[in-house]
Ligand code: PMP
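One chain comes next, on its own, written as structure tokens: the form predicted alone.
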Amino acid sequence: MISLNYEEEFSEIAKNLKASEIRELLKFTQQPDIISFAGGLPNPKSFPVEKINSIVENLLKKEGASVLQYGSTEGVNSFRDTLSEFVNERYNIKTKRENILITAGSQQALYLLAKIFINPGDHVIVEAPTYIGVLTAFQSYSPKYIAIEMDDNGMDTHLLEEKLKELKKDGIKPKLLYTIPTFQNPAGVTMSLDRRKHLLELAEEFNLLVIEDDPYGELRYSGESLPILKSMDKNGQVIYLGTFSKILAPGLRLAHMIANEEIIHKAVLAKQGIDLCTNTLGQYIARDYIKGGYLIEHLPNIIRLYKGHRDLMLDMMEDEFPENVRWTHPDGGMFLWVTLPPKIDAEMMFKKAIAHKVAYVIGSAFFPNRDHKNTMRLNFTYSTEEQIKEGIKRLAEVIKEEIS
């Protein structure tokens, strides 16, 4: 019997695939007695179960089998029209059906963009730290990452400008810039208005495509709203990604890409080789959820829930954490970012945290070069209030032990 060496048979793309750091860490958090701040899960209390049930019943009665059939790759036309109206009124994004592609979550959109834009060795600009999912989506295509540091006002666009000028001297044109400007994952910070304007000026000057990922924009608990980059985009250089995972239900796997028609067309062709079409029933549910005004009606309930969790976690950290530990104070979203003293390695400390029955995500996982080892990300949306109180106490003990 011949024994195949499967590693030799895999494609170069398959050989480049690596497990998600977060998914691997979550395996350690499955024990029921562990309080986990590691995942990025919405709280099930935020899901409008009764309203979704009512919408599904009405859909099946009125539209029957058509909502259970295959749909077009682009998405259900009536849903795309509804989305077009919604983002125009809500975010001042002037768009139409032809500029919208419905995807199975924003993660699929990121993978499609990698597939249609990135060649091995292309330069891609990301925030430092950045969303680990974009690193996972892009890794198959072996880009070279340029990581731009952030502060409390988001990506430092002056550092970005210096880097772009330096690259231009070397004859290098970055292929894409990826940013989560509002309530960034993992840091929780928001890009200021001045930096948003500066970023778009740089995109125009250096002919740069910008991916604006906006999963958390509706989850604002304090501060004033800022315009979405796409709403200020004059040249079609911003590709906007939105999702219903945080404001409706993640199990529907519904997101959308808004971009130039040429980009949408190419993404559609790439998507046809992946799944043909996105969940049709989910699109009809989201359409009627928006059209019925239920989304706008329900958002304050989600915000009230998450604001309470954020405030509680921040208060507990203020009371329990050592003085030489710093953390962000997000105005919204789902995460905050902790910076430990320089000598502390959060990855090495993780096993001690698990022993104390508390979990987080190591910060180095969010950097392309796996640096900044003295950092961690905490999620405040999923845990109960009692879990937040007890979990922060446990984590504070771990940190104090590690420092001493």
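We number the residues from 1 along the sequence you see. Because the structure is a prediction, the values reported are computed rather than measured.
This next part talks about the form predicted in complex with this ligand, which is not shown.
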Heavy atoms, 4.5 Å, this ligand in the model of the complex: which of 135-143, 214-222, 280-288, 199-207 makes the cut? Say which one. 214-222
This ligand isn't shown here, but in the model of the complex which of Y306, Y240, F79, Y131 has a heavy atom within 4.5 Å of it? Y131
Students should find that, of N260, Q107, S192, T95, the residue having a non-hydrogen atom no more than 4.5 angstroms from this ligand in the model of the complex is Q107
T157 near this ligand in the model of the complex, any heavy atom under 4.5 Å? no
May I ask you to state whether S245 is within 4.5 Å of this ligand in the model of the complex, using heavy atom distances? yes
Quick one: does N99 come within 4.5 Å of this ligand in the model of the complex, counting heavy atoms only? no
Using a 4.5 Å heavy atom cut-off, state whether Y178 contacts this ligand in the model of the complex. yes
